[in-house]
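Take a look at this single chain, the form predicted alone, given in structure tokens.
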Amino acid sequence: MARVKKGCEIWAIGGGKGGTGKSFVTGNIGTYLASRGKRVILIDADIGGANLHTILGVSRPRTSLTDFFERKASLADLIVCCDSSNMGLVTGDLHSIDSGNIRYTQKLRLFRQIRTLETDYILIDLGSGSHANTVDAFLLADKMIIVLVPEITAIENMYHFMKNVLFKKLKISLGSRGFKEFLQDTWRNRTTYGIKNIKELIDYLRKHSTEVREVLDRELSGFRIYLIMNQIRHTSEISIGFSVRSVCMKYFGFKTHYVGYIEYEDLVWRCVNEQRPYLQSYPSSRCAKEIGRIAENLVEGRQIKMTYS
């Protein structure tokens, strides 16, 4: 979808698995940006499981995406104020609709209105899983961010999620030029062609014709993921982010920026249970500083470097 205006960046925070702390990361990065004078709008797109308002210490708003989908309210009219004057929230608490029932036209209307919001940053907190609507919202973003915890199930779900994201990107890019059936047929018969992963699929597609190669080169040249490791309990777990970065390049062929990690802290869950915003409650804590570094790295497009002992 073409960008409606310049000057606003959309960040989508996903990962596939629930329980990785996506809402905590989204809310606190948004709080950090707002504290630096940036205008921020948070959108809780975890339909059916919205809890971003709890992370922010905000009472459950009376309006939500239910009003957008069922009553055709304007997205801008659903923004509620947070403690910071620079930050607003659209909650995703839906009472009579789930993500699978959102029609294509409703989704396009939502994406169009997200693009027209007047702000500096829009942060979209996505739900778990690899549903088509979740994948589409992830691809809408200028920066696609993955929150991962050092658990094998989270890593496996992340790879599954990214495979779906990248394949959908290929379908959109090649489908617009009439190569959708060619893509799907190639993937369906990948064993026959000796294709083992998405990167090998892309390499095979590039050999088909100059036009296909040019489309792929253009559409994938800027495709990258920004990775955040959460709930780090031991320094050895920090290196998992670098391993994931290498695997993404090897098996998917896209660049991954490892922008930082957040160590486990009991105070985080105490704040969540007490519905107090963590960054405002403990602005000088270790985790608060780590969140600030991550936010700055995302803004500047930087990543952390591997250190050797």
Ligand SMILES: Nc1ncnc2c1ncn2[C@@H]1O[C@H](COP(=O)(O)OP(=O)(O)OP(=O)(O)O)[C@@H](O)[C@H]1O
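All values derive from a computational prediction rather than experimental measurement. One rule holds for the numbers: they count along the sequence shown, beginning at 1.
As for the form predicted in complex with this ligand, it is not shown, yet the points below apply to it.
Using a 4.5 angstroms threshold between heavy atoms, N133 stays clear of this ligand in the model of the complex.
In the model of the complex, N51 approaches this ligand with a heavy atom inside 4.5 Å. The closest non-hydrogen atom of G21 lies within 4.5 Å of this ligand in the model of the complex. In the model of the complex, this ligand lies within 4.5 Å of some heavy atom of W269.
For the options N157, T119, S173, N230, the one in contact with this ligand in the model of the complex, meaning a heavy atom within 4.5 Å, is N230. Checking Q106, N164, S239, S128 for any heavy atom within 4.5 Å of this ligand in the model of the complex turns up a single hit: S128. Here the chain stands alone, but in the model of the complex its contact with this ligand, taken as any heavy atom within 4.5 Å, falls in 269-277 among 269-277, 64-72, 33-41, 252-260. The three residues D46, I55 and Y264 all sit with a heavy atom within 4.5 Å of this ligand in the model of the complex. No residues of 178-199 lie near this ligand in the model of the complex, the criterion being any heavy atom within 4.5 Å.
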